[in-house]
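Before any questions on binding or motion, here is one chain by itself as structure tokens, the form predicted on its own.
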């Protein structure tokens, strides 16, 4: 049985066992590398903001905070490079590779689907609607948490990094020179960087929950789809 023509729209009728190739290999690889880098960034960022109260032994025998900062910076570079590659693949990849970077705000069907998904997650809507790619609500939060939030974290993060690297370095010239004056002082940049980071952490928790929930309740493969690239619709 053929799928509905609207790629972002719900599939009202689909034969059980129908499988659709959705996520290409570069998107899947980016997803897992990106997830790992965010986990490292979140843990090390927390420790940088709230350092350990003490470390046993002589100070010259360890370099704990230095290693934590190095892991944070390394993960940030991986996140940044991965983001640039992901932008490139949004241009050359399939339709679903581009979903992350735009919202079809002029599409009435998309808005109807978004509010329907809100009702579904609130257990008001009784019948799930199946989507080939991201459902509208997931699409909405992915855009703001990963695209908008990711860009914000990169800009503010490299601004703080450039402040330590000092004037004349690429990070200071490209970011610190205007981001810190824009906020007034570096402590304000720290604060916003920290708050948005917590927002992304909350999003990741909800993302894992909703993926598992949809896999079970909507009778379609969600978790395995980002591993194999194929989404299978079940009865």
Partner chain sequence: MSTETFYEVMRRQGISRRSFLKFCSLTAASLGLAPTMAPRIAEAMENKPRTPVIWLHGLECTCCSESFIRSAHPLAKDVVLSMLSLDYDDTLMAAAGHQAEAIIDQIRKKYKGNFILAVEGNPPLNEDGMFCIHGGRPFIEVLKETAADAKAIISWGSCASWGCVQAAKPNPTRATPVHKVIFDKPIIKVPGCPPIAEVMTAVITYMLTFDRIPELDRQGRPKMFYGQRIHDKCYRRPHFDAGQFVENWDDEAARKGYCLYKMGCKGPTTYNACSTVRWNGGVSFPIQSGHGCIGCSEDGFWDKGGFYDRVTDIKQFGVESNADKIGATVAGVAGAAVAAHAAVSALSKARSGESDQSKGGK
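Worth saying up front: this structure is predicted, and the values here are computed from it rather than measured. Positions refer to the first chain, counted from 1.
Separately, the form predicted together with its partner chain exists; it is not shown, and the next lines address it.
Engineer: In the model of the complex, does residue 88 come within 4.5 Å of its partner chain, counting heavy atoms only?
Structural biologist: No, residue 88 is distant from the partner.
Engineer: Just checking whether residue 30 would be counted as a contact of its partner chain in the model of the complex - the rule being heavy atoms within 4.5 angstroms.
Structural biologist: It does not: once its partner chain is placed as it appears in the model of the complex, residue 30 has no heavy atom within 4.5 Å of it.
Engineer: Evaluate residue 59 for contact with its partner chain in the model of the complex, applying a 4.5 angstroms cut-off between non-hydrogen atoms, and reply yes or no.
Structural biologist: Because a heavy atom of residue 59 falls inside 4.5 Å of its partner chain in the model of the complex, the answer is yes.
Engineer: Report whether the minimum heavy atom distance between residue 77 and its partner chain in the model of the complex is within 4.5 Å.
Structural biologist: Residue 77 lies outside the contact set for its partner chain.
Engineer: Scan 40-59 and write down, in order along the chain, each residue with a heavy atom lying within 4.5 Å of its partner chain in the model of the complex.
Structural biologist: 46, 48, 49, 50, 51, 52, 53, 54, 55, 56, 57, 58, 59 sit within 4.5 Å of the partner.
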